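Below, in structure tokens: the form predicted on its own, a single chain.
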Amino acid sequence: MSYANSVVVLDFETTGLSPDMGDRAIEIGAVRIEQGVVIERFQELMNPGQRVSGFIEDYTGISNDMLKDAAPCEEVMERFAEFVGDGNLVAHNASFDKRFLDAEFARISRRYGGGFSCSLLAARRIFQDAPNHKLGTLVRYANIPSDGTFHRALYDSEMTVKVWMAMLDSINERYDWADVPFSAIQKLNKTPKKSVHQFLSKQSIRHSA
């Protein structure tokens, strides 16, 4: 069984919002955790073969000058595919990152063997009292130390790991459930918020029996 505390957490910076509109990845950052401990990191800029807009330069801090000597997306994504292997994947607002991962992997005819889960959807259910569920807000809500330098891929991945582990710790504290299966978080993310307590109570009893 694969557990939620052993995953690859990833984050993309991109030229825009949609690979369907021709947008490409410009940076990938990822952190591998095993049993809640960071054991490996991956970070690379990548040249998308097109200029990035002034808005994206300002938003990410990644300039066209920084990208001109970076390896092409295809080379970086080949290396990232090796890094990921068959691990389960997590991202904050995963629908965005999954679209870009799928699009970039399709260009090099690669696939990932693991599942995908979203820390934002999980946070909406586990941290229901948070003011909102943006990554920076959750970092503050969970009292996680931060220098506030968001919108670079590796830093956002590191912060997502800490929020993810804070959520797993919260489940353990409330439901005495230390080893949460990855599949349980995937199911939780589809559970209505009002039913979360009932879902986690039943799941923890079933898995500890």
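Everything numeric in this text was worked out from a predicted model, so none of it was measured. All residue numbers refer to positions in the sequence shown, first residue = 1.
Although it is not shown, the form predicted together with the DNA is what the next lines describe.
Undergrad: Using heavy atoms only and a 4.5 Å cut-off, determine which of I126, L120, V76, V84 is in contact with the DNA in the predicted bound form.
TA: Of I126, L120, V76, V84, the residue with a heavy atom within 4.5 Å of the DNA in the predicted bound form is L120.
Undergrad: Name the residue from L45, I56, I33, L168 that puts a heavy atom within 4.5 Å of the DNA in the predicted bound form.
TA: Selected residue: I56.
Undergrad: Work out which of the listed stretches, 149-157, 64-72, 169-177, 37-45, brings a heavy atom within 4.5 angstroms of the DNA in the predicted bound form.
TA: Heavy-atom contact with the partner occurs in 149-157.
Undergrad: Is K193 a contact residue for the DNA in the predicted bound form, using a 4.5 Å heavy atom cut-off?
TA: Flag for K193 set to yes.
Undergrad: Against the DNA in the predicted bound form, would L89 count as a contact residue? Criterion: heavy atoms within 4.5 Å.
TA: No, L89 sits far enough from the DNA in the predicted bound form that none of its heavy atoms falls within 4.5 Å.
Undergrad: If we define contact as a non-hydrogen atom of the residue within 4.5 angstroms of the partner, is R110 a contact of the DNA in the predicted bound form?
TA: No, R110 is distant from the partner.
Undergrad: With heavy atoms only and a cut-off of 4.5 Å, decide whether F105 touches the DNA in the predicted bound form.
TA: Because no heavy atom of F105 falls inside 4.5 Å of the DNA in the predicted bound form, the answer is no.
Undergrad: What residues in 130-144 sit within 4.5 Å of the DNA in the predicted bound form, counting heavy atoms only?
TA: Sequence-ordered list: N132, H133, K134, L135.
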